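Next up: just one chain, as structure tokens, the form predicted alone.
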Amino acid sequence: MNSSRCAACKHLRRRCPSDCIFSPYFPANNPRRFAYVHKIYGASNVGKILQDLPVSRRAEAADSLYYEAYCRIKDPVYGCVGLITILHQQIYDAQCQLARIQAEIAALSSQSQSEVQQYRQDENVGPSFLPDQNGVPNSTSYYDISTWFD
């Protein structure tokens, strides 16, 4: 017999044997953990589940049973599925927002490129008062205004 009983044996008010299936997964310092699992699944069913699993998987199963039981107690209708649904909705909302922002960036980028192209075309069509790439004034930038004053 263990010197201190596990949470399951305390909750069930029984003696805790040395080979207790619950003691590694439901320690005495966390009695709520077993209380939630017992309330939803029952001690016998939890014992059978843990017994049927390999020892290497039992801790993970006990954690999963606890989490599912905790969620079911907090939300009796949906349990952990309600939380999963909320998270899926948040992921979907984030993906939609990302798609909208990417489309807006693409639109602004194409608009900016078309404005640059339009500016370059306008620059090539009309006279340019700016120097060319080498800093030499453009020959088309000179106007003979002497004919205006006759």
Partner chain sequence: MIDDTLRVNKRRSGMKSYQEQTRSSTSCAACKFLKRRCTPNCQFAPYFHSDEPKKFAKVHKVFGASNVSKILNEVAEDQREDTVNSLVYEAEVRLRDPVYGCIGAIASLQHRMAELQHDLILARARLASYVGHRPSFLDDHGGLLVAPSIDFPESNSLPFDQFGRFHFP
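In this text the structure is predicted, and so the values were computed from the model without any measurement. Residue numbers count along the first chain shown, from 1.
Only in words, not in the display: the form predicted in complex with the partner chain, which the text now covers.
Asker: Should Ala35 be classed as touching the partner chain in the predicted complex when contacts are defined as heavy atoms within 4.5 Å?
Answerer: Ala35: no, not in contact with the partner chain in the predicted complex.
Asker: Verify the contact flag for Ile86: yes if a non-hydrogen atom of it lies within 4.5 Å of a non-hydrogen atom of the partner chain in the predicted complex, no if not.
Answerer: So Ile86 counts as contacting the partner chain.
Asker: Would you classify Gln95 as touching the partner chain in the predicted complex, given a 4.5 Å non-hydrogen atom cut-off?
Answerer: Judged by the heavy-atom cut-off of 4.5 Å, Gln95 is in contact with the partner chain in the predicted complex.
Asker: Mark Ser114 yes when one of its heavy atoms lies within 4.5 Å of a heavy atom of the partner chain in the predicted complex, and no otherwise.
Answerer: Judged by the heavy-atom cut-off of 4.5 Å, Ser114 is well away from the partner chain in the predicted complex.
Asker: For the stretch 96-114, which residues lie within 4.5 Å of the partner chain in the predicted complex by non-hydrogen atom distance?
Answerer: The stretch touches the partner through Gln97, Leu98, Ile101, Glu104, Ile105, Leu108, Ser109, Ser112.
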